Every structure is written in C-alpha cells, then in structure tokens.
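One chain comes next, on its own, written as structure tokens: the form predicted alone.
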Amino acid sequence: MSYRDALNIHELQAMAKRRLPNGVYGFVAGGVEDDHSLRNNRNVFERIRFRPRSPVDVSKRSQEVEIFGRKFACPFGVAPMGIAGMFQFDADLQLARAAARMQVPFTLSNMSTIPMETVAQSGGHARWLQAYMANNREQGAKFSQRASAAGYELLMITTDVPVQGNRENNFRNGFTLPLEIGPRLIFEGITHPRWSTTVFARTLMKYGVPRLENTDRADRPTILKQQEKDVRGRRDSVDWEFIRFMRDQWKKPLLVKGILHPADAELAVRYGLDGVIVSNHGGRQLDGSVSPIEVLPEIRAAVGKKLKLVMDSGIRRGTDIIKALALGADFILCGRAAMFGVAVGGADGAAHALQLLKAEVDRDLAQLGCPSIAELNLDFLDTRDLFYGHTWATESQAAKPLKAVV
C-alpha cells in the first residue's frame, strides 16, 4: 500500500507502524509513563465543537499567513524532531524539501545527524532551528554564531526537557539513548528488512556511525553516547538569565519552546522574546501535564498581542489546526504528522501529509463559513465542555462579526 492511498494522517501513521521497527516507531509515536498526556492531547480536540456561520461567501477563502517576516501558504509548518534519520534516510533533508514544496517552514532540531549547514542549503524553505541547550554561555554563543552564519532565520530553545522523560515504551521496545545494539534491535532489523536496507544500512554506508552534527563541534557525540549529561553544563540548570544571554547573542526572532503557564509567557515578553511555543512536548515529558490547547486562551489573555504564540502537540486534522488558531494561536507546528509521511514516502510522503492537512483546512474553512485564517475567532467555537463555561474576553480573542453577516 502506497502513501498515496492514505486519506488522512491516521492512515499514514498505520503505514508507518508497519514499516518501522517497533522501537523506532515507539520512539516517535509513544508518550511517557501511562500516556495520560499523549491521550489528552487528542481528547481535548474532541471536546471543542464548531458553530458554523451560514450563508457566507467563502468562494475566495485563503489560508495564507504572515509571521516572523515571512508569508506562508498555510498556517502550519513542520515541528523539530530529533534523530529523524532513524525513520527515513536523510529525513531532515527530505522534510525540508517537502516544506519548501508546500511553502511552509521546516524546523531543524539540533539533535539531527545532518549538519545544519547542509540542511540550510537544501532548498527554499524557511530556515527555522530548534536547540536543546545546557546552561553554558560559551557553548550558547558558539551555537548562535554558527546558526546565524548558516543563514537560519529563527531560533527556538526547548526548555521543557531539563531531564529526559520516563519513556517506558522505549525501554520495553529496546530503544534507548544511548542506543544498545542487542538481540531485540537485531531481531527488529531482520523482521523489517526494508527499513534495515533503505534506512539503517544506507545511512551507515554514507555517513558511518550516525553523529549528532549540530552539537558542539569540539565534542560531537554519536547516538550511541549518553546525551543526558554535558561536560560543559546541564540542561536542568537553564533559567531565564541564560535565556536573557541568548537574547543578547541572537538578533533574529527568538522563541522558547515548552511553555504551558501564562506567567512564563509574561516573562518571555519581559525578556524581549519574539514568541513562545505552547507545547507539552507531544505528551513525551511530564505525564499528566495539561494539553497546550487547554491553556492557550489563558496565555493569550496574559500577553495580548505582545508575543507570537505558536502551538504544537496532538495535531492530526485540519479541524485541530483551526480550533487552535481560533483559540489564540498565531501558527501551528506539526511533528508526528510530517514524520509519519516521511517514514513511508520520503519527501513525497511528507508533502502528501502536509497536503492532506492543507486540504482539510481549506474545506473546513468553507464549511465553517470563514473566508480566511485572519477571521477565525472564538465565535466559531463552542468550548463549554473544555472550559466549563468560562468566557475569554480579551481584545485579541473577542468575537468579531464577519463582513458578510449583518
């Protein structure tokens, strides 16, 4: 069955599950501990319902958006995903090409096995970059200089992984960092020969043992080494003073990723950031954490228009994207959806995943009676089952009547 036969992201996920070894698939699709956060990320979308307007002229509808100085064809892009090369050969390059084709941004993770310079030169995509950082100013300054020289336009620092989450499914499947070449991994390779030959063996032949090419050049670790500790600093000591330092180093748009509390969004404003990514890491860090969409209106109310709000976690449908935008997000990032596509079809598969979401957003806007992304607001939603009747009445979220409605 080809990726072209997939009618939605759920079907692409089912294909990826068959194609990938259990450990590799579990790494991208799994959550943490009892998967409460993972399940809740999806469940909250079902508790938000639409209130369409009709009749409305939607014949000239548009989903173009402008953010951080760029115009994009869709209100969503590709989220950063570490060690993507385990899911498809040169996955980061293929995701970048797919994003360029769809005219949306691709965000490279510094946990990539391909140098950021190579990815930056691979196509006409917007060059967004995400990084896990230890509280080490020398290292942060060097990373900033390297990223700027490579032409990256935006930097997001992930702050919700002070320590690695307890991802028990990875241990059950024999997938750990450091990666251990044991009987289970060998068995998975034998029982998934297409992945073994087209991804793993091909990567070894071209690059040798995979290395994290976007960490400190002085000590590029292989994926077989422990990543939790860094001899030059630790992630669990990163604080707002380090973010202030990085703000001074990076003169282009700077965001922090992993914000779930309005007070932290307010601090982002105070420290001069350009935006935050409202995210619970796809339900992969703290089990039982709120879903980003549950706190999105509160965060928007706290910061108003002073900060761009980007949201990720749990996005599988165009309706999910529309709901998040109506609740206050400026832009959406999709990680797993794009990864399932690239895993089963390379750049073409990733583009197919993005096209599915784009087509759903277009169709949903029409059925909602909303001509453009800019006109989405709370008036299109019924959120009583999610917010228990609370009304969010900020200037940025207040219901605005459509021009076609008198």
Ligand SMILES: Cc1cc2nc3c(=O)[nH]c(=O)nc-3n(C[C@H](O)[C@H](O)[C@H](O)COP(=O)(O)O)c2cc1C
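All residue numbers refer to positions in the sequence shown, first residue = 1. Note that the coordinates shown come from a computational prediction; the quantities given were computed from them, not determined experimentally.
Quick note: we don't show the form predicted in complex with the named molecule, though the next part is all about it.
A.B. asks: Quick one: of M81, L296, L93, M116, which gets a non-hydrogen atom within 4.5 angstroms of the named molecule in the model of the complex?
C.D. replies: None of the other options qualify; the answer is M81.
A.B. asks: Using a 4.5 Å heavy atom cut-off, which residue among A120, M111, L185, I243 comes into contact with the named molecule in the model of the complex?
C.D. replies: For this set of options, the contacting one is M111.
A.B. asks: Within 4.5 Å of the named molecule in the model of the complex, do E153, L255 and L273 each have at least one heavy atom?
C.D. replies: Zero of three within 4.5 Å in the model of the complex.
A.B. asks: When the named molecule is placed as it is in the model of the complex, which of 309-317, 262-270, 247-255, 134-142 ends up with heavy atoms within 4.5 Å of it?
C.D. replies: Going by heavy atoms within 4.5 Å, the stretch is 309-317.
A.B. asks: If we define contact as a non-hydrogen atom of the residue within 4.5 angstroms of the partner, is F106 a contact of the named molecule in the model of the complex?
C.D. replies: Flag for F106 set to no.
A.B. asks: Is W128 a contact residue for the named molecule in the model of the complex, using a 4.5 Å heavy atom cut-off?
C.D. replies: No - in the model of the complex, heavy atoms of W128 and the named molecule never come within 4.5 Å of each other.
A.B. asks: Is there any non-hydrogen atom of F331 lying within 4.5 Å of the named molecule in the model of the complex?
C.D. replies: Contact with the named molecule, no.
A.B. asks: So in the model of the complex, is the named molecule close enough to P75 to count as touching (4.5 Å, heavy atoms)?
C.D. replies: No, P75 is distant from the partner.
A.B. asks: What are the residues of 2-40, in order along the chain, with a heavy atom within 4.5 Å of the named molecule in the model of the complex?
C.D. replies: Residues within 4.5 Å: F27, V28.
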